[in-house]
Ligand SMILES: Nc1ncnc2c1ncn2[C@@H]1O[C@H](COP(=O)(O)OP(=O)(O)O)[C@@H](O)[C@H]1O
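Here you get one chain, nothing else, as structure tokens; it is the form predicted on its own.
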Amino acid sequence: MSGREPKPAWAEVPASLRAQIEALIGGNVARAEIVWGGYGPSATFLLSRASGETYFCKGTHPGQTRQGHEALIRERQNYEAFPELGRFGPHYLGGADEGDWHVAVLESVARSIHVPPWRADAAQSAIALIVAFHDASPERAGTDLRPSEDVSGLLYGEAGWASLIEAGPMRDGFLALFEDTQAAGDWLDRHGAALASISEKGAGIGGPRSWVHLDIRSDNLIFAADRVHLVDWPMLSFGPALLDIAFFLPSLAGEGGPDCNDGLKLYEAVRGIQFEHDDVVTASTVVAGFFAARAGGPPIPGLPRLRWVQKLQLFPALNWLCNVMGIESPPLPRPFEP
């Protein structure tokens, strides 16, 4: 992959903050290694004590993006408000702060397999975890968490198909993702207004409502020896379970797993439900519009691979959208490299 996100070394962590972290883990840090992964420049360390216990520390620092800083604070708040999250991911040990540094300390979980590539059993295990997570939504989630549509708007701005209809940089960026920009523009002119109208129904997607993660990808899943762990909780909110699984499926397909249709069927089979077709149309339209409005944008400082992963999710999402709507697919995408 071209370019890693810039991450600070353990030696750059202020001494007073290191002391707070050592208090949380109950002993001195004998070794600290940078953990690479994800798509942001957060401070991430695997910490080891001399006795052999290991812990995971993640945090924001002076070189972090504003969005990354806000996400870490929200994630800590969610861990503290919903200790039940420990059923689905590593246990949270606490947080520490010093100046522009803010960290969360969690138990360390060793990976037994790595994805991608996605094996069939790994995809099934991941979807079973998502079903269990949705089914375990506590009653207070409906009142104590923000609605899902508010969270996505807060984090990324209100942008979707409507932003691509009129001439402008967002439309140009989207069209540049295709080998034949004229054909892509014609496709967008034929369907863009209808897609924008469907997206407006996103808040009313039917089916079960529960707490939702909204950022499930392979880098937020840890396949340990005993179970699958879901990590990274800044976007925890309340909304349609269908929207949560719909945001995961293009990532799964883009990394070589089941396509979105088959992935949704697997979720429905495990949960014993069937979503209404119109709701699937709306969810797939919202998800595809989310990535369509962003994947062609300019590079973001400090996040060199974000546009790449958005492209990775966009094209399976577009294929899914066209399939469930029964419309022709846009032209072939231009090749892109990570």
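What you are looking at is a predicted structure, and each value in this text was computed from that prediction instead of being measured. Start at 1 and count along the sequence shown; that's the residue number.
Just so you know, the form predicted together with this ligand exists too; it's not on screen, but the next bit is about it.
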- line: Picking from 298, 27, 62, 37, the single residue whose non-hydrogen atoms come within 4.5 angstroms of this ligand in the predicted bound form is 37
message: Give me the residue from 231, 177, 130, 266 that has a heavy atom within 4.5 Å of this ligand in the predicted bound form.
response: 231
- prompt: Of the listed stretches (93-101, 106-114, 143-151, 252-260), which one has a non-hydrogen atom within 4.5 Å of this ligand in the predicted bound form?
  reply: 106-114
- prompt: According to a 4.5 angstroms non-hydrogen atom cut-off, is residue 124 in contact with this ligand in the predicted bound form?
  reply: no
- prompt: Would residue 222 sit within 4.5 Å of this ligand in the predicted bound form, counting heavy atoms only?
  reply: yes
message: Contact with this ligand in the predicted bound form for residue 308, defined as at least one heavy atom pair within 4.5 Å: yes or no?
response: no
- request: Report whether the minimum heavy atom distance between residue 58 and this ligand in the predicted bound form is within 4.5 Å.
  value: yes
